[in-house]
Every structure is written in structure tokens, then in C-alpha cells.
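One chain comes next, on its own, written out as C-alpha cells in the form predicted on its own.
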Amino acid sequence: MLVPTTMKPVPQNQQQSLVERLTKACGGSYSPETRRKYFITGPQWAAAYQGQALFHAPTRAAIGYEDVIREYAKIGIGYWSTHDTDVIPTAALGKDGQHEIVAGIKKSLAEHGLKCSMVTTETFHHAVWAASPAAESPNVRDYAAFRVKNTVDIGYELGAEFAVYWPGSLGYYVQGAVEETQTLKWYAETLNAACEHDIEMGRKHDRPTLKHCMEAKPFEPQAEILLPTSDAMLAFIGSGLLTHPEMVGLNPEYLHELMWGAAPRAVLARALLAGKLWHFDINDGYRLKHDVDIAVGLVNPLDWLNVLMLLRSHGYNGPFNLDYKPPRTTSNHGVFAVSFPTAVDRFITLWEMAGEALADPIINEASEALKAGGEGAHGNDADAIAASNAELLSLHELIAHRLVQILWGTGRTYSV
């Protein structure tokens, strides 16, 4: 039962000021100068998302790259990323219209002190990808090669360091529609075309090549995905199909790994061991559900603390890309007044908390004790070895409790 409110209806011309006042009252915000110290990247598509989806009409007005870049600069997000068709019409790709738009982007980035960190190719939305970028038709595959090579060109013009590929339509709706091994071989040819063109461009411009990163997602838009997880992509990179596997790594997305029931931290650990964790899309959401793309830390803050402890302890220094969708309930004004600044601030706080946890004397002593093991058991006596460690193993739960304390504020209690 809803409790009646005593507040009078809020006039439309006072609602933005109310939101801003309550946001400020929350505290915990960082200055734009502080935010720029972190390798946090803001995608064009995230800020420009209008709230539309399969069952959803748009709830926000369209917004162009000039406004997105300007607002990111105000917040203190120092990097911008984009799909090729986020701001360039598909029909203009590779033509004069593309060059005019890219020149406008460069001007806007320079005016506001941002850099382009990453470019990615849209190979999932347009009707040409109905049967994937590795379709049976050779002209579709030729067009896919053009698109990824053109994205490399855009990346060079904008000074990007990374290119990302999400093969979301690489799969099928009905069984027997494709021969999976052949489809994967055809898709490898597309990535090979991107890398070969990149090598040529690198020689021409006397600069390092891009880092080409594959992004996995277990569900959507096809019913069955051929490369649904980061682990599947690691196997694909090492399959021998790529002519330059050293140029291809991973861009895991936190929620994409969570969606299929995986532990994102474990996925990231495997990518780190393979030397392929180059880029990271950050967001939040729920296991075994669809791709809600909630902002980082709003659903699983403890898991995020553990993820960032892992990345800090292994020296990860790549981008953290804010690949989330401001909720449909957020206004155009709220996107930049609430959604993006609070997402950045939660990330920074969790990152610094991860540093605190890694230096925590209780966690460190417990961890060292577990690694030292119990005294008094040697050889192959399983029962004696188990008994010698039995009490130490309680430290696993104590470490988890200590992490929760750090997340909440150390040792907080309430009088009752």
C-alpha cells in the first residue's frame, strides 16, 4: 500500500533544480580534474541512447556528438568512443560525407580537451547483417571487410588506440541454417582484413597499430551465438584462423559475462593469464537475464570491489568504457546531471576502495596465513593435512566479511 505524500506537486520549471540539489546533497562527488586522472571512456552510443528497445519507445530526445563531447568534458570524462555509424550515416561511410563528419568530431574533441580512445564497427543493426557479417553471400563478406577496414581508417584519423568488434549477429535463428566451422572461418577473414589494413596504415603514418579487441555476449540478437563468451573468443584467437593473433585481444563486458551465469572476475583472470585483457566495458546487471546495461556498482558493488582488486593487483592499465544505458526514466538533463557523473564517481570510489582492500592488514595477514598453511602435517597423510588446515580455512569467510566492512565503512555498528 502506498503511503500518501505530503509534498505538493513539483512544477516542471523547478524539477531540474530539485534533482541537482538532491544530487549535490548525496555528496561523494569528485571534481572534473580528479575524474580525468582515470582512464574512463564515454561512448557516444551510451549518452545518445534514447530509451528505445524491442518493447520500448524512446523517452529522450536525440542528441548529437557535439553535445555529448561537451557534456563529457564538463563532467571530467577525458575519452570518447564510437561506433562507425553512431554519427556517420551508413550510406556516407567511406565517402566525402564521412570525412566531413570526422573532421567535425576532431574539432569538437580538440575544443573540449577530449581524446578518442576507441572505434568500433556496427555489424549487427543494419539489414545487411541479417545473416551476420560472415554470411554465405560473398558480397556481404566483402562489405564486412570494407566496414572494418574503414573503421581502422576512422580510428587513425581520430587518433584512437583501440578497435572493438562485437559479432552479435554471428550465429543463427534456426538449426541447420549455417555450417558453424565455415562461418567462423569467414569471420576470421574479416578480422584478418582489419589487421592487414591496420599494418599498412601503421607503416604509412609511422605509428603503432591499433589493439583489436573482441567483445563477447551470450544472448541477443541471434538465437544461437557462435562466439558467446570471452573464453570462446580466446579459443578462436588461438585457433590458427587469424593471420595476426598477436594483434587481437579481448574487450570483456562485465554484464555480458554475468548474463550467462559466469563470474566476471574469473573471466577477467583467464584473460589476464592469456595476456589478452586489453579493454574493459563496465556496467552492471543481473545473472541469467537480458542485457539491461545498468551503471557500474548499482547492483553488485561487492563483486565490483573484487573485480577491481583483481585488476589493480595485476596492473591493468587499459580503458574502462562506460558501456551502459541511462534508464528510460532518466531525462535528457538527468543523463549528464545524474547518470554519468554518479557512475564515474562510483567507479572511482570502488577503484580506491580496491586499493585500500589490497593494503588492508587484516586481509593481508589472513591471506598470508592461508598461503603458509598449517603446521604439523607432511607427506601423503590426507587426514593429517586436512586437520592441520581446518581452522585456517575459516579465514576465507573472514576475508569476505572484511571486504564488506571496507565497502560499508570499517566496523560500523548501530545502537539499538
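Since the structure is predicted, the reported quantities are computational estimates derived from the model, not experimental observations. Position 1 is the first residue in the sequence shown; the rest follow in order.
FYI, the form predicted together with a small molecule isn't displayed, but the following is about it.
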Check your understanding: 327-335, 294-302, 269-277, 160-168: which one contacts the small molecule in the predicted complex at 4.5 Å, heavy atom to heavy atom?
Key -> 160-168
Study note, to complete from the structure: Only hit among R141, R147, K211, K217 for heavy atom within 4.5 Å of the small molecule in the predicted complex is K217
Study note, to complete from the structure: Exactly one of Y316, F124, Y172, W260 comes within 4.5 Å of the small molecule in the predicted complex through a heavy atom, and that residue is F124
Point to revise | Close approach of D198 to the small molecule in the predicted complex, 4.5 Å, heavy atom | key: no
Check your understanding: Should W45 be classed as touching the small molecule in the predicted complex when contacts are defined as heavy atoms within 4.5 Å?
Key -> yes
Point to revise | Touches the small molecule in the predicted complex: S117 (any heavy atom, 4.5 Å) | key: no
